[in-house]
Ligand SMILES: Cc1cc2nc3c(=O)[nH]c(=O)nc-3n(C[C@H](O)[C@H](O)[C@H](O)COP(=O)(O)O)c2cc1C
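Presented below, as structure tokens, is a lone chain in the form predicted on its own.
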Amino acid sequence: MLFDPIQIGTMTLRNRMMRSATAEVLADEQGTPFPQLSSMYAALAKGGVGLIVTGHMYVQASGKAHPGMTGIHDDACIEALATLADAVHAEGGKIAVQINHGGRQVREGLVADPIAPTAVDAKPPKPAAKEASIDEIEDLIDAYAQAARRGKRAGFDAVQIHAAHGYLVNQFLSPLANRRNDEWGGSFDHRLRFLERIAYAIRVEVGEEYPVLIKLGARDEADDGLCLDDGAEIIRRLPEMGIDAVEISGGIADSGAFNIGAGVEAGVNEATFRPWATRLRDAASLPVMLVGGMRSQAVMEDVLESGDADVISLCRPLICEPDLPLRLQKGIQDAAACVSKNRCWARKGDVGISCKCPGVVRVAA
């Protein structure tokens, strides 16, 4: 099934392999992408992946989470962003733009007044944030909607809302971060309202036919945080919001149980979130994309054949081998070469993310 096509809304993917959003750290101080980002996406498309999801792009200047993050916060961004979509389409690929706001999870010094659902202290190096006013919440909702409009105008095939990993939408969903007692917090329905309003506002801007996806942190992995039952209820309601597919992830940075596991090996400890997907599948009436520690083709196929997920989402393996889908399809190898040492992030003097693990052997596809 891995190389069968699949329909996501109005978008047809050539196979069931997807590049999960990865912060590439390839933009200047204004959020304009460097040429290397187009090259990276072109290599992924040429390598055969069914869908590329961009690294998260900030929808508002107040939401820039780290240096090198790409911006989609202004119409002036559209021309540069179009070069990314064009590079992928030239190689016959599909690309979705991931839109995000850091909320209280922003790097110290990048944002003058970080904003969050509630003024809850964040762990260093993240600064304390102020509680968003009602007017600011409405502005944030519009910022997501306008970012989606820009993504469509720039030629991206879909948009993905980032609602995971402790960023702003996840913060509103989570009782750990959202301690409001008004219509935007407290009860489950009130905590869900921010995501619902974003989804509806995006539909107004992009129309009924444009694919809208979501990356959902189905569980916070923290005391008093979002639980899996909450995650299931969110997934159950996604079709009502006009969402076409959900990528399941989880964990937040503050809990120390983030979503990047070390030492994943083919056939040993793969598919981190598969037990969650098995439980959440009954709640899902839309395609499920599963990320988290998948390395071998055998496990990927088993996940698909079992019905636990419809699309396999990969992060670090595609940093290591952008052409991994072709390698698997041609039988050159039966598993990713990635050894999961978490050495992908850009170091001082580097330009963007890259595989830095020693001893990784690559054979030309």
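In this text the structure is predicted, and so the values were computed from the model without any measurement. Position 1 is the first residue in the sequence shown; the rest follow in order.
Heads up, the form predicted in complex with the ligand isn't pictured, but that's what we're talking about next.
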item: The ligand contact at residue 15 in the predicted complex, heavy atom, 4.5 Å; value: no
item: The ligand contact at residue 98 in the predicted complex, heavy atom, 4.5 Å; value: yes
item: Contact flag, residue 314 vs the ligand in the predicted complex, heavy atom cut 4.5 Å; value: yes
item: 4.5 Å heavy atom contact, residue 293 and the ligand in the predicted complex; value: yes
item: One residue of 104, 197, 94, 165 in contact with the ligand, assessed in the predicted complex (non-hydrogen atom, 4.5 angstroms); value: 165
item: Contact residue in the predicted complex, chosen from 55, 47, 50, 68 - any heavy atom within 4.5 Å of the ligand; value: 55
item: Contact at 23, 215 and 319 by the ligand in the predicted complex, all three, heavy atom at most 4.5 Å; value: yes
item: Contacts with the ligand in the predicted complex, stretch 327 to 349 (heavy atom within 4.5 Å); value: 344, 345
